[in-house]
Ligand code: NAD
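Next up: a single chain in structure tokens, the form predicted on its own.
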């Protein structure tokens, strides 16, 4: 197989949570471009439908699913709908997430803490559980794999924030980091790889203030490369982790942050 062919996803089925906007939208577009059938899952059904129409217009097979990943029955329904439409599930981008209010821990409301962890950590578990049940029942491919999970962590899951306080977000993303490693260890012999992307500062709907020039300049000044990233800059890494190019990679947390974690 030629090197570039290893990055193709023809015949593969990919589910992207939080696929209606931001990084999830970029992931869905990237894997569709290299041949995958894509289930775009988002709690905002209109956004999911918009992305699906765009992918279909570009020639991809795509499905829109409305689901809240913090609800077990909805994660199971999203996976079932994907398998019903496309026959299998090869890759899960476990990407859906929310931000939290900026408050220090002694001022942080319990309800807000639970809201953030319900989506950003429990939601990752619920989607992984639903996807793993399907993948474990599938036949192994040529490389011995049955499927791939790609979780979205954060640089704030690798260290604390000095820019503004995010105790719940950091705790949840730190949980995603070690949950990724745990699943990688548990399921490697079953032919399922599990990795995580740890984004730095990106201009997305999740952080609308990143579009404000003063705010973006403040955050960009902390980045060794000197700027905030665009969602499309994550697409190459997403395709790598979904494709056979990464078949021997598992248990890894890959930061894409302009060098923040290097200093």
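Residue numbers count along the first chain shown, from 1. Since we're looking at a predicted model, the values are computed, not measured.
Although it is not shown, the form predicted in complex with nicotinamide-adenine-dinucleotide is what the next lines describe.
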| query | finding |
| --- | --- |
| Listed residue (31, 69, 196, 62) with a non-hydrogen atom within 4.5 angstroms of nicotinamide-adenine-dinucleotide in the predicted complex | 69 |
| Listed residue (135, 150, 130, 153) with a non-hydrogen atom within 4.5 angstroms of nicotinamide-adenine-dinucleotide in the predicted complex | 153 |
| Non-hydrogen atom contact residue 96 with nicotinamide-adenine-dinucleotide in the predicted complex at 4.5 angstroms | yes |
| Interface membership of residue 125, nicotinamide-adenine-dinucleotide in the predicted complex, 4.5 Å heavy atom rule | no |
| is_contact(residue 50, nicotinamide-adenine-dinucleotide) in the predicted complex, heavy atom dist at most 4.5 Å | no |
| is_contact(residue 200, nicotinamide-adenine-dinucleotide) in the predicted complex, heavy atom dist at most 4.5 Å | yes |
| Interface segment, criterion being heavy atoms within 4.5 Å of nicotinamide-adenine-dinucleotide in the predicted complex, picked from 104-112, 166-174, 78-86, 136-144 | 166-174 |
| Contacts with nicotinamide-adenine-dinucleotide in the predicted complex, stretch 17-33 (heavy atom within 4.5 Å) | 18, 20, 21, 22, 23, 24 |
